[in-house]
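Shown below, as structure tokens, is a lone chain in the form predicted on its own; questions about how it binds or moves come after it.
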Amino acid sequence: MQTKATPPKVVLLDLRKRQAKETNYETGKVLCSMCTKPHIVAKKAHELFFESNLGDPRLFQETAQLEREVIAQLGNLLHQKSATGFIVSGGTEANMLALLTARNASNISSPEVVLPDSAHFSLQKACNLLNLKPVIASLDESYIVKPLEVEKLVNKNTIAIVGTAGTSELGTIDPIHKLSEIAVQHKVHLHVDAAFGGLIIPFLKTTYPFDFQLQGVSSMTVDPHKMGMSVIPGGGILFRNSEMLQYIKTETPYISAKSQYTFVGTRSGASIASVWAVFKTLGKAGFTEIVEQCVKNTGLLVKELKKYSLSLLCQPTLNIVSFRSNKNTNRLSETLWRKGWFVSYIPRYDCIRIIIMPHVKKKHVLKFIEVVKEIEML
């Protein structure tokens, strides 16, 4: 730390200069991120509640009430009005809490978790931290997990199986209804990682069973800081009922609240206010309109890629498109980055991944195609 104080004006000027150099969502060139520019009301709500700390909900009771209302809205959206849960630091913490719950409820000495080969890497982190053995189920030709293989992998040590509703790499949706049947039959915890898809799938014209309306679903991850357009951090963990919280309860002897249930002790009330504000401002109609626009622009990108014979890895289910170059996909990815277009390259599939978030407009999609044509000399 420096010895001499710096005037606030100078400090803020320095920060503004640095922030101006940051990547800007509004350029429409950020095509690799599952986050987007927060809704304007999210920013204002964040500022109003930036002092609130839900590490002690009794001290900040209005913020705690906002969280209960947010969880109630998510529960209602995901077909479980009695769902309980928390706004947490992100999908990683949410997934960890889900597996911790399953582990502590099981009393199995050598616990195993069946994960799809497409599962988010945070679930591997959770297994490492919680001393769980990950057992990997392979994918079919559509890049979704094979239910028959999942069932074969379930044994006396299985404490949970995981399905993904909107994989991070390709945006595919596992057959959660089939996984639910397996979970019910074998009496194991089914966790659905819908960090990305949870605030997309309910607003699609095509119906995909993936949430608490399925009997076997015990917990879900849903991240409002992704398609929910809230500020970071704003992840979400939901459990089917409050009875499940006993397995993640920690006594807190020196603060006014008697217990906590999340990994992170100090929790931002500003993030919760941000989520609450966006949900209230947009409602189901507003989210439906935004998702429909993202899907429309996704369709436009697919149409243009096919026009120039650029091969899709799979037909998009959500607003994620993965494709391969006619020449060298990795080189195309690197060239796009040098030209200021931020895409993802997935080595194991040798494909480029594009996410059409709300900040990506029709004009950006068309400009992107022009740049790809120029590079590929189509």
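Predicted model only: the values in this text are computed from it and were never measured. One-based numbering along the sequence shown.
Just so it is clear, the following notes concern the form predicted in complex with another copy of the chain, a form of the same protein that is not shown.
- Comment: 113-121 is the region of 113-121, 204-212, 157-165, 139-147 lying near another copy of the chain in the model of the complex, near meaning a non-hydrogen atom within 4.5 Å.
- Of the residues given (His186, His79, His177, Lys280), Lys280 alone sits with a heavy atom within 4.5 Å of another copy of the chain in the model of the complex.
- Exactly one listed residue, out of Ile182, Met96, Ala83, Cys294, brings a non-hydrogen atom to within 4.5 Å of another copy of the chain in the model of the complex: Met96.
- Every member of the trio Phe49, Glu251 and Ser268 reaches another copy of the chain in the model of the complex with some non-hydrogen atom inside 4.5 Å.
- Taking the partner from the other structure, another copy of the chain in the model of the complex has no heavy atom within 4.5 Å of any heavy atom of Ala195.
- A residue is said to contact a partner when one of its heavy atoms sits within 4.5 Å of a partner heavy atom; Val302 fails this definition for another copy of the chain in the model of the complex, lying far away.
- Within 4.5 Å of any heavy atom of another copy of the chain in the model of the complex lies no heavy atom of Arg324.
- Within this chain, Lys44 lines the site of another copy of the chain in the model of the complex, having a heavy atom no more than 4.5 Å away.
- Of all the residues from 344-367, those having a non-hydrogen atom no more than 4.5 Å from another copy of the chain in the model of the complex are Ser344, Tyr345, Ile346, Pro347, Arg353.
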